[in-house]
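One chain is shown next in structure tokens, namely the form predicted on its own.
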Amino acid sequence: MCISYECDYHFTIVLRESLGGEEEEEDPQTSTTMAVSTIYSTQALNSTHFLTSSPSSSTSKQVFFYRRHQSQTNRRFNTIITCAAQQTVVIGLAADSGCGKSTFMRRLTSVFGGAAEPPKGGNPDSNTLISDMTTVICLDDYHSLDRTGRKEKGVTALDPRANDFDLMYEQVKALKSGIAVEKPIYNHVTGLLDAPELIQPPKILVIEGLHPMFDERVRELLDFSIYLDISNEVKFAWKIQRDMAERGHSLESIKASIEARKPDFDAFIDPQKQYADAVIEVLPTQLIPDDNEGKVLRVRLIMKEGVKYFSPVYLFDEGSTISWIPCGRKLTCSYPGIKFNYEPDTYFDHEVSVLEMDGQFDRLDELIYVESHLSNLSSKFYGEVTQQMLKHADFPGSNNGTGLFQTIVGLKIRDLYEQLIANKATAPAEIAKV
């Protein structure tokens, strides 16, 4: 018996079922029976891929998709093809090391519900985080060279030569199409490439790291993209705090690392911001003349106009130029106070809206006053932004624009996801009418 399944518009899996319930297929070349499933694809995948079926007592909708990956370690990765009712929505987050990606991911996954945790029963040093609706993949896992290998070849992790973009593209594309993959793991503790882990296609896949928008093929898979643009002064302070406190690095090694990485950052990481749909730019304050402590921040949310399913947030009047100092009786803030700006602008030849906050909050519960003056927040109810900020009051940046704008972008991504899913749900109905 021949059973055909449509898999997310890209694949048709044809299974032959014998009377005993085993999956079998007759080989047209040899007329012998093989315990494998065949797959017919509307898109050529790769001539170096091999297929076998998962043993089962009943007809399965799952086949194994093998790709031989040539590297120094001769690693081999498996991909499991499964039928999916809908494609995964893919979000890309780019930033240099130590620029707040992990905090942003925690805020984002919280918006969708459930705590983000490493895969259960897997490698304790896994970089992957899984929640109810989201899976966050760290693109460091696609390093093709371990720490020793990079040192021997004289390249940093930012250099494209130290990363496997072919595998990154193939696996992100597979997950977007509802196909599980065995993703490699880069161990930040040992600096080695660990055995791969199985990643199932989630409703929302977030790929975060150094290069989510570097490779054009990967970039085209993204439904929305964000870039965290941290000034050199702020970046240095953040990186010291993280690498000394969490990873045990010395101050001297951190300084040396920053200097060694800067040319590659300028060449390979920073240019990606031109492709981002939203940029969170973190700068030293302008409220304190000649400030060099970096404790008070000026944060700008740069939102690209014309992005499908995304409408920029605005202050008071959309498209106007606004400068606003909140009332001190309604918003408690110590020296140097808080100032907001909003204006249309141009960013890498794209029309954008820019919302800026300089200063910091003293009481998060009073943030509702600011929230009430912002529009297009995509919140589900009045005060949701304030609620999310209070929920994660202990997160870095919760008293300034970094936390506020990360939370807002999280709500916008939720809204974008819901619109995408609603649009896909109505598409078959529209086709049926024709």
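Note that residue numbering begins at 1 and tracks the sequence as displayed. It should be emphasised that the depicted structure is a prediction, and the values quoted were computed from it without experimental measurement.
What comes next is about the form predicted in complex with a further copy of the same chain, which is not displayed.
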Quiz item: Here the chain is shown alone; which of Asp270, Glu233, Glu351, Asp291 has a heavy atom within 4.5 Å of a further copy of the same chain in the predicted bound form?
Solution: Glu351
Quiz item: Here the chain is shown alone; which of Asp215, Asp132, Glu318, Asp166 has a heavy atom within 4.5 Å of a further copy of the same chain in the predicted bound form?
Solution: Glu318
Quiz item: Using a 4.5 Å heavy atom cut-off, which stretch among 279-287, 342-350, 167-175, 200-208 contacts a further copy of the same chain in the predicted bound form?
Solution: 342-350
Quiz item: Taking heavy atoms and a 4.5 Å cut-off, does Lys308 contact a further copy of the same chain in the predicted bound form?
Solution: no
Practice problem: Classify Ile322 as contacting or not contacting a further copy of the same chain in the predicted bound form by the rule of any non-hydrogen atom within 4.5 angstroms, answering yes or no. | Solution: yes
Quiz prompt | Partner contact for Pro196 in the predicted bound form: a further copy of the same chain, 4.5 angstroms, heavy atom | solution = no
Practice problem: Classify Gly113 as contacting or not contacting a further copy of the same chain in the predicted bound form by the rule of any non-hydrogen atom within 4.5 angstroms, answering yes or no. | Solution: no
